[in-house]
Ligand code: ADP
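Here's a solo chain for you in structure tokens, the form predicted on its own.
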């Protein structure tokens, strides 16, 4: 299809060795929590990317051998021929949509624990494994290296039989044997595989040559390589050894997939890397050193930036993992000049957290992600309405906005009532805090969409009660009134209220986000939520010049953010801003000028000077309107309703992603047969016994 626009360069075909990509959009390998355990779900998710216009769609890591066993995390596997049928589901589905299928072959070396296979862990040198488990990897001898090369070659041949068009050699993110051999701090060998950079790169060269010899007649061979570890002189740098590796291997792979290491740097959140394209300055030299096509990433969502990177000779392909998750149809929307409709990635790393927890992928912006097979959800398509004509959504936060948008797409006449003067709810509030500005995209995308539809009415400053709903006469009501933060200190570890003395100054996150701040003096932030918000508020108040102590029953700040790859950055940032961190502390009493904190292990009490306390613990659901409507319906005293549903944080406080999903599901399920909804809810992939 000829594209005549300023974005036409993005839709040129590009040769990759023996295969040709139909355009420049390239979904690089990314984990998804589906893997070998859920092959139908995996195939459907990748096929959706291909339908959305991505020219190349890649798997996640595919373990090549039982000695690279990442159990319990469900990555891909290509251990033997038994894995080919499951992988063929993906390649067939991707090919049906006109895209190329790529597989990222991997041996994880000391990043594996081999919990399932119980085989010895392999590494260039003797070392502890990466995981917190008392096990060490053994240094590979020459026989091990030859055997490993054969495993990799055999896996490449299986990948070819499974229908893949591109086969990866993976040397990045400190996650793979090839990368471990390349890095000085993980390779202290004195033979021809250690010492000089040429020696340390020997194994990567051999893997590339082996793969090209085995499958290069029909498959392109790609190298995924981290050019910079972002550790300064302590690690590999793009200005030094990273550049030398590219120069050394320049013409061997058919494609260079380049990024930074480790994973927390490559998938940095907008909280710490707010700019899209943040990796460009590290990888922009690569294309100057090779005639082969180059793909790179950096949370790229702007079509203008994509065009600039291609025209300026930085990349041949626009690489994406997270932006392709947030909007699988990003290429099609650019092609059709519907750029305003793109669901931009907000860089929250909820997708990343799923892999770290070993669960199926999900996304804050795209509630259909991971549900393509299980629920047959499509990000751009939804069933038309049933027999009902209209619907009322009360609350314009993430759940209400998503619900209203999807109901409108189905064809209902939608009324959205928001009590405040601005849409967005908690998204708008939280996006005002440091580092969370990109989160406003959740509200902006939905607000824009609603504004383009003639079947939507939005009313701001409209707090409704049951009588108002009766007056409106709308029979189908969705309540998305959200939640508020508790003021009594009840949280994750303490189920009884904190003793607050008269005259004590107590705040909640709602106060801080509304601009109501503690006066001058020492502020104590008590985090018994243990997610992300308390750390953001601590940073916010410290940046305003306040003396801040951070008390938490946990052993570290914001422990949940380990799943989003941010915890180290968060704690470092707070310490650099002078925040006093007090772990293992449970708040017992709050007074006008001090608080008492108990050790979570010994119960020993310590007194801390402070003039105000911010309690970040749990939330109360705001369900009064729903309760009143349900009660009046039971008494036949209120408005006659055909449907009444509580959604989002008002139903169950959680992440923004949970609220968006709740609103989306409610809109999808409206007027559907309840038994059909139940069947979809419990649809599982069962491994057949033969």
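Residue numbers count along the first chain shown, from 1. On a predicted model such as this, the values are computed, not experimentally measured, just so you know.
Below, we turn to the form predicted together with the named molecule, even though it does not appear here.
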Practice prompt. Pick the stretch from 141-149, 307-315, 418-426, 528-536 whose residues have a heavy atom within 4.5 Å of the named molecule in the predicted bound form.
Written response: 418-426
Worksheet item: Can you pick the one in 172, 328, 396, 370 that has a heavy atom within 4.5 Å of the named molecule in the predicted bound form?
Response: 396
Response to the item:
Checked 482, 74, 585, 242 for heavy atoms within 4.5 Å of the named molecule in the predicted bound form; positive is 482
Discussion item. Can you tell me whether residue 649 touches the named molecule? I mean in the predicted bound form, with a 4.5 angstroms heavy atom cut-off.
Written reply: yes
Worksheet item: Quick one: is residue 625 in contact with the named molecule in the predicted bound form, heavy atoms, 4.5 Å cut-off?
Response: yes
Discussion item. Against the named molecule in the predicted bound form, would residue 462 count as a contact residue? Criterion: heavy atoms within 4.5 Å.
Written reply: yes
Worksheet item: Is there a non-hydrogen atom of residue 109 within 4.5 angstroms of a non-hydrogen atom of the named molecule in the predicted bound form?
Response: no
Worksheet entry | Residues within 4.5 Å of the named molecule in the predicted bound form, restricted to 321-337 and counted by heavy atom | none
